[in-house]
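In structure tokens, the next block holds one chain alone, the form predicted on its own.
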């Protein structure tokens, strides 16, 4: 079973431009409790390097692109987020990393819970231990 779960958003609009709609419990499979975005990531800098015990997220590059790596301790998969109409679901207990940010990258993340530092696993060996590997 693939770790990468992509969501395609419908592109709406007309001659004036485009509109993409994100709605909780419709094309976003949970209630949205937190929204944040990454911008200005310097060349050569990677982000993420953690998993969440309970948190689930949806990530979409609303501008630019970045390479996403997901790891459940058994398999690793990667793909590019490179369209504002293509999002990735990051499920709980999946290690994730973001690499190769374009200069214009704006990575928007929707989360099903508020920030809780206790939910983070920031050490890869601890992550493997917690999933029983």
Ligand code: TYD
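Numbering follows the first chain given and starts at 1. As the structure is a computational prediction, the values presented were derived from the model and not from experiment.
One more form of this protein, predicted in complex with the ligand, exists but is not displayed; see below.
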- Is it true that 5, 60 and 70 each have at least one non-hydrogen atom within 4.5 Å of the ligand in the model of the complex? no
- Message: I need to confirm a contact call. Of 34, 76, 99, 92, which residue comes within 4.5 Å of the ligand in the model of the complex, counting heavy atoms only?
- Response: 34
- Item | Contact segment among 82-90, 44-52, 23-31, 60-68, judged by heavy atoms lying within 4.5 Å of the ligand in the model of the complex | 44-52
- in the model of the complex, does residue 115 have a heavy atom within 4.5 Å of the ligand? yes
- Task: Determine whether any heavy atom of residue 124 comes within 4.5 Å of a heavy atom of the ligand in the model of the complex, and answer yes or no.
- Result: no
- Wondering, does residue 38 line up within 4.5 Å of the ligand in the model of the complex on heavy atoms? yes
